[in-house]
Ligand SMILES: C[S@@+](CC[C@H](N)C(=O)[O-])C[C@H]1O[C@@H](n2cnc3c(N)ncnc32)[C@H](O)[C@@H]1O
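One chain comes next, on its own, written out as structure tokens in the form predicted alone.
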């Protein structure tokens, strides 16, 4: 496996972002899509949030783009196992543009995707998001960013180590703080409506008697239990736990931040 994301794909892990399941609950509360809305998730991972939207909001059209072929494969399997069509899940194009017409979506969202992209890719993604959003459309994203006071030198050291052991950076050091992301959004033609620290937020995904969501939970459990029958996965999990210990500090250096932006007309 080349990155920690490959391990998470193999084990069907959902909610890979700040606050996990609660973070997705908060996202859905803030989005509250109306029937007929078209929604795009960038970097949908194993597909759980897209499935939550499909099952909890009637009449919405959900689409997804994912860079990882392994994540896409697992998300397609999750959808199939849950009895939901996966035809609108696509691989992220190696080169933009996105495979959608301009002004196609009412909202675009990401969960812990943008801040780990290479700098050049991040700017291109912003431009494509703006292109496919309708005028006044919303962009929602939940990212783990550096806390104020973390030096650029420390960011570089942590990112170098994360790339070495996990295959991905911890978070971009080019736009390290929430204020930098507010500036970036405004430079790309968005009005920032809210910036909310995720710490202390209390949100949930309430129980819903939906067989599709129940089957998706079974799919997640099946991925976790696969470690019991795979020596390589078990060893990988043990190694990852040891590596996470190396990054544990008394003072946290990251914070989850939720942004809501509106595309300027």
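Every value quoted in this text rests on a predicted model; they were computed, and no experiment measured them. Numbering follows the first chain given and starts at 1.
The discussion below concerns the form predicted in complex with this ligand, not included here.
K.L.:
Given that the partner is absent here, does residue 257 sit within 4.5 Å of this ligand in the predicted bound form, heavy atoms only?
P.N.:
Flag for residue 257 set to no.
K.L.:
Any chance residue 67 has a heavy atom within 4.5 Å of this ligand in the predicted bound form?
P.N.:
Yes.
K.L.:
Is residue 41 part of the interface with this ligand in the predicted bound form - any heavy atom within 4.5 Å?
P.N.:
Although this ligand is absent here, residue 41 would touch it in the predicted bound form, with heavy atoms inside 4.5 Å.
K.L.:
Is the gap between residue 15 and this ligand in the predicted bound form 4.5 Å or less for some heavy atom pair?
P.N.:
Within the cut-off, so yes.
K.L.:
Choose one stretch from 147-155, 79-87, 176-184, 106-114: the one whose residues place a heavy atom within 4.5 angstroms of this ligand in the predicted bound form.
P.N.:
The contacting stretch here is 106-114.
K.L.:
Which pick from 132, 125, 162, 192 sits with a heavy atom within 4.5 Å of this ligand in the predicted bound form?
P.N.:
Going through each option in turn, the one that passes is 125.
K.L.:
If you check 136, 167, 102, 93 against this ligand in the predicted bound form, which one has a heavy atom within 4.5 Å?
P.N.:
Among 136, 167, 102, 93, a heavy atom within 4.5 Å of this ligand in the predicted bound form occurs only for 93.
K.L.:
Sequence order please: the residues of 45-62 with a heavy atom within 4.5 Å of this ligand in the predicted bound form.
P.N.:
Sequence-ordered list has one entry, 45.
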